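Below, in structure tokens: the form predicted on its own, a single chain.
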């Protein structure tokens, strides 16, 4: 069966621009073309795209993915074994990276001294105490938690409003970039991913690239974080995950 580039993009949850880029660099060339020159993908192309997506989720750069997939000695079971090994390693690493929680920590009051009117102005319907006990129980002994408590404990209402405004502005610009069709691995997305990391550094705690990629994985692994970003723009959590990994690979 033949599929159009739009059908493949919707099924794989990638942009058409990303598929064009994969074609241009030889990572995923469509098996056919229409007489008018439009791309047509078959089931084998979709299988390869699925592998590309798996390896991207694991943080591999595109050129390395191409080398893995084009290895003449590799077969589908070998790819599955490799993915299983890599995912098992990632799971173990994430279990140790208990500091890699951003928005759960944002749900903690952390010494905020605001009047009821000021709290509503800053947080609206959002309850900063909702997950406080869970956060303290799971991450209360970490350096990131200590830094976040120390920093936010000094914030005034104006500080919190600036924090909110900066994060909302970032969210609007990131959503607009997604709407433009820019690839998540592209320079514009990576620049905004770096800005995201710097906002964490400034407002919450030191966030090196390794921790940032851990956060990115939490955004797609934990439904609460996925819902937070996807409320800003559907698909944002997965798109941001890819952009953060690409940025970490490029900059680190």
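Residue numbers count along the first chain shown, from 1. Think of the rigid core as the biggest set of C-alphas that the two forms share within 1.5 Å after superposition. These numbers come from a predicted model, not from an experiment.
Just so you know, the form predicted together with the DNA exists too; it's not on screen, but the next bit is about it.
Contact with the DNA in the model of the complex holds for none of 166, 197 and 201, as no heavy atom of theirs lies within 4.5 Å.
This chain is drawn without the DNA; in the model of the complex, the residue among 208, 61, 187, 223 with a heavy atom within 4.5 Å of it is 61. Here the chain stands alone, but in the model of the complex its contact with the DNA, taken as any heavy atom within 4.5 Å, falls in 37-45 among 187-195, 223-231, 37-45, 208-216.
The shortest heavy atom separation between residue 4 and the DNA in the model of the complex is within 4.5 Å. Contact between residue 13 and the DNA in the model of the complex is not found at the 4.5 Å heavy atom cutoff. When contacts are judged by a 4.5 Å heavy atom cut-off, residue 241 does not count as touching the DNA in the model of the complex. In the model of the complex, residue 29 stays away from the DNA, with no heavy atom inside 4.5 Å. Residues 17, 18, 20, 21, 22, 33, 36, 37, 38, 39 are the ones in 17-40 with at least one heavy atom within 4.5 Å of the DNA in the model of the complex, listed in sequence order. After superposition on the rigid core, displacement of the C-alpha of residue 9 between the shown form and the other one amounts to 2 Å or more. Comparing the forms between the shown form and the other one, the C-alpha position of residue 57 differs by 2 angstroms or more, with the core used for superposition. Core-superposed comparison between the shown form and the other one: CA of residue 186 displaced by less than 2 Å.
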